[in-house]
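Below sits a lone chain in structure tokens, taken as the form predicted on its own.
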Amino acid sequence: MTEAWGPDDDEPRPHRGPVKVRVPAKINLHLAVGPLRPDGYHELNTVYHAISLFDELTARRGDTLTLTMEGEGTGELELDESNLIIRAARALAARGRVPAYARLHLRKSIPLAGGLAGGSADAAATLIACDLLWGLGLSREELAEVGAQLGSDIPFLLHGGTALGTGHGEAVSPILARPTTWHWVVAIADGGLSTPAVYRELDRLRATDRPAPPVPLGGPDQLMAAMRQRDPEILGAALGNDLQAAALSLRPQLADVLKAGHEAGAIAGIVSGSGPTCVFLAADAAHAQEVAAELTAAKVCRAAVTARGPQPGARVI
């Protein structure tokens, strides 16, 4: 992270601005969901993967805290105190004991409520941008501590890459593997799905089904082993998402998207996180373009775009 230093080079000083930060979307290559915990969270064991679908947040100096935006979701996303960007800025200001003064502008491409952690991505970008703007000089680990209080995906999006998430997703451990670029097709749906609603539906499905065996939380181990083999076919066989059945229950037409991706020749496809975005694994860049074109022609989603992963987390540009 770029820092501005004072005349004595002892401590960071406020940046004159503007500060622009780019942050990726995330997908879950494997998401194993345990039972509901007493604290209201589910125990998770997931493999996060950052992909090349980005939002950009610009922070400028100001005498109050304001947020404006353009792009995906304009007019739908609330820009008040309920927004994760505003909450992240205020939480960071409290941590740094500075006034929460900044003019923030979001340029959004990640769909709202799409299972791609767009809100958490924007909060991660806010933490990076305001830390530099205000000259706090916090490490990414310290910023992750702030972020974990706001959203489970925020710590991962500060770091990016591919990582194992445990707890309720906030405990992040990078996965060390030989550099490999994976190619994806992201099928963007019309409208979003509420993450809490999808988790509630999962609990309902589990409660109403015949007695089920204990939920296995070892699936990500198979996924990580598959990634080390650097073979898309092997990785595709290891993809999994315990929330997929709940997302399909709430949005049955997602089955048509998954079917269309299979018929288009994708190696594998899953609902991303809580949905309704679906992601498909391709063999290479050209194959991804072919699958995206077939999905677009099938008219089963609002848009189909290609992406690469892994990508670094929130970064100053």
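All values derive from a computational prediction rather than experimental measurement. Quick note: we count residues from 1 along the sequence shown, nothing fancier.
The protein also exists as the form predicted in complex with a small molecule; that form is not presented, and the subsequent description refers to it.
Interface residue among H183, H168, K108, R206 relative to the small molecule in the model of the complex, by the heavy atom within 4.5 Å criterion: K108. Only one of P220, G160, G147, G114 comes within 4.5 Å of the small molecule in the model of the complex through a heavy atom, and that residue is G114. Residue contact with the small molecule in the model of the complex: S82 places a heavy atom within 4.5 Å of it. The closest non-hydrogen atom of D131 lies beyond 4.5 Å of the small molecule in the model of the complex. At a distance threshold of 4.5 angstroms between non-hydrogen atoms, T46 is out of contact with the small molecule in the model of the complex. Within this chain, A238 is remote from the site of the small molecule in the model of the complex, having no heavy atom within 4.5 Å.
In plain terms, the part of the chain that comes close to the small molecule in the model of the complex, with a heavy atom within 4.5 Å, is 120 to 128 out of 137 to 145, 221 to 229, 120 to 128, 93 to 101.
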